[in-house]
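The chain below stands alone and is given in structure tokens; this is the form predicted on its own.
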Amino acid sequence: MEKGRKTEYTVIGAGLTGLTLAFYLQKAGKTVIIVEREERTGGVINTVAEEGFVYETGPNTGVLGNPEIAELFSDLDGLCELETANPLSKNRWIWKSGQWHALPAGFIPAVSTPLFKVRDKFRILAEPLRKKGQDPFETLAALVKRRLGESFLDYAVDPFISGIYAGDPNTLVTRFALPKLYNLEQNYGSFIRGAIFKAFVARDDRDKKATREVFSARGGLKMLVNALEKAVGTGNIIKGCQLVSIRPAERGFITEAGGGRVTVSSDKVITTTGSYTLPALLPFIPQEKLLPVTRLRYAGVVQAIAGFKNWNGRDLNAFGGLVPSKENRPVLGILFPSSIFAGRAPEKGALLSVFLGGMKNPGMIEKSDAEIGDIVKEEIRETLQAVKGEPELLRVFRYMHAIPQYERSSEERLTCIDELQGRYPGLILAGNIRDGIGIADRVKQGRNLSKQYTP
């Protein structure tokens, strides 16, 4: 029995956000207990070694998009090691009309690529002259068509959004889903002018840590989770806690879990779990008051892992390939983990991670493993010319609440979060319900919260 524990902070959820937050709270001299539903830490992050392959069953990579993620690895030095992507995997492929094309990485390639229509290529020249948008709720689709043209939406932004959000650019709002892109136009009047200006702005040493490189931890992202768990201390993480609920106390909050097995009193409680968990976690808040948060939509995603011990298809000299919706294929894209990081497959083999479903094809998640397997094998044969043999390893994973969709309702959700935190001092609602969905975003939020709520 673990009744009656006391701490300054209770963190709900031992995913990357919760672990990072607890780690930095402890570094600030605070006491923390994490309450976790599962018997393991990491949330959706998990790495598996099997039959000579090392694969991720959740996020495959992160991006060094802010200093906080680089600093976390430095702070965990000796417990895990940052691994950046093989430079040869920088290419991104886009499928069009029966073949892969490299996604342009600059102005000249964008003009010469067959991905975009000629009239839209000419539109690039006039992009700096267009007026900036006035609608704060403009969708990504509307923004891109307005500034660049429809073919850029179809063969650049649509597949990109499939790869990041598994979402629909017609419903994702730029200000919330891609705030940096939104700010380029709002602050500089143009994507091109903004990119040029930022390229010449001097960055300090801390900002230079955000290299935009693709990364993992050596041995897999689970190594980062393991390092955080060790640093926080297993005694401060209570796992296997089903039926968690929080209630206000005379001072602070009481968290009960595991059918009364665990009772934790704390001054502050921070939730880092999905919006769909909040009604059960916070029974003292009327359900209608939580609606702006709980109506957040999530993309359901299927990930299939295919491992080949002797790869016989085309050279996988890229990060992976994305499939635009316009091409009407059953997959969102195929990632090439064995091209990105060393040691993910046997020497002559290949490891592929195939993604299906998302907001535009939600029925895919209902298909059986056998049906998913048949689709995946056919896609690999057709798009990667793997004509001989089948994968020695084939695993299927489903995520009903894989990726939150930052749509028009986001402003109402964020306002609601602020109001609830104001009404119940010491309650903090965090996680991917706000502040971004990527690995670096989760680390930054955890780090920032640790600063915000410590004197």
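In this text, all values refer to a predicted model and were calculated from it rather than measured experimentally. Residue numbers here begin at 1 and follow the sequence given.
Absent from the display: the form predicted together with a small molecule. The rest refers to it.
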**OP:** Would you point out which of 47 to 55, 386 to 394, 410 to 418, 29 to 37 contains residues with a non-hydrogen atom within 4.5 Å of the small molecule in the predicted bound form?
**Re:** 29 to 37
Original post:
Would you say all of 272, 301 and 399 touch the small molecule in the predicted bound form, counting a heavy atom within 4.5 Å as a touch?
Top reply: yes
Subject >> residue 446: touches the small molecule in the predicted bound form, heavy atom cutoff 4.5 angstroms >> reply: no
Subject >> Partner contact for residue 65 in the predicted bound form: the small molecule, 4.5 angstroms, heavy atom >> reply: no
Original post:
Can residue 237 be called a contact residue for the small molecule in the predicted bound form at 4.5 Å between heavy atoms?
Top reply: no
Subject >> Contact of residue 244 with the small molecule in the predicted bound form (heavy atom, 4.5 Å) >> reply: yes
